[in-house]
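In structure tokens, one chain follows: the form predicted alone.
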Amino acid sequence: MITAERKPLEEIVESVASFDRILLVGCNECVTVCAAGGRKEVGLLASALNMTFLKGGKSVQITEHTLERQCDPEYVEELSQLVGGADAILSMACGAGVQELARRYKDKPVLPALNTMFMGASERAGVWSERCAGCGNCVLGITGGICPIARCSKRIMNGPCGGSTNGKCEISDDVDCAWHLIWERLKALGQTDLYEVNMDAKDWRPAGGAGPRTIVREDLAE
């Protein structure tokens, strides 16, 4: 999932300070899972903004709405009846959601309330870790399901560097060496022969080196 964190309240307040009517929009997908931009978080931010502005002697009208997905034009269209009554839209979605709102509602400023962080997974309650860099050429079948791009600090493709010690990365004892994890995983699977596969230098073109990426499914495209 895409993970995100809410921007500092002071930064959000500054971004919307010149508007009197704000449409605050949450997203019921990834940012709900990571507790950054779902219906609950929309309510909390709306309350915080109201209190902050009231303390400053300003009354602001905040309309709350949470979409199923902000990155999907079908759901974004739901806002068409609400946008007219707002001076600006404050989005609690990832960057893709912010941009989709801006694309659809061209006459309204669309402001981000979140910082989009990475594609990751939940380790335990309240902890999410990066797992995928969206590099466009997946090698997880060779590396035991552990990504050397997202999880190696140096993005090394063929074995560990000289800085790893006792299974830890040289940048911190709290960071596992990705290639140590890969080796242990391949041993458990009885696939240590894959460790000797010499992977070519990474071709970053599928990761967007030639511009923004697009996927087209001809059987689904209209």
Partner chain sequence: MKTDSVLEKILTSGQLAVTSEVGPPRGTDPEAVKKKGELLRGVVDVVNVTDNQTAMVRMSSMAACAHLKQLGLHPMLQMVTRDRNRLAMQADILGAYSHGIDNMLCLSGDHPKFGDHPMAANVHDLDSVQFLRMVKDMRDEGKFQGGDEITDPPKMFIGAAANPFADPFELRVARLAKKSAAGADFVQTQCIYNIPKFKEWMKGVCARGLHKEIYVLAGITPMKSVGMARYMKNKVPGMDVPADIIKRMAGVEKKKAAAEGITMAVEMIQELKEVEGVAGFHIMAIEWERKVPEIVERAGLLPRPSV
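Everything numeric in this text was worked out from a predicted model, so none of it was measured. Numbering follows the first chain given and starts at 1.
What comes next is about the form predicted together with the partner chain, which is not displayed.
Using a 4.5 Å heavy atom cut-off, are G136, L140 and R151 all in contact with the partner chain in the predicted bound form?
-> Negative, none of the three is within 4.5 Å.
How about D176: is it within 4.5 Å of the partner chain in the predicted bound form, going by heavy atoms?
-> The answer is no: D176 has no heavy atom within 4.5 Å of the partner chain.
Does the 4.5 Å heavy atom contact test between N158 and the partner chain in the predicted bound form come out positive?
-> N158: contacts the partner chain in the predicted bound form.
Spell out, yes or no, whether the shortest heavy atom distance between T165 and the partner chain in the predicted bound form is within 4.5 Å.
-> Close contact exists here: in the predicted bound form, T165 approaches the partner chain to within 4.5 Å, heavy atoms only.
Does the 4.5 Å heavy atom contact test between A210 and the partner chain in the predicted bound form come out positive?
-> A210: no, not in contact with the partner chain in the predicted bound form.
For the stretch 187 to 222, which residues lie within 4.5 Å of the partner chain in the predicted bound form by non-hydrogen atom distance?
-> Heavy-atom contacts within 4.5 Å come from K187, Y195, E196, V197, N198, M199, D200, A201, K202, W204.
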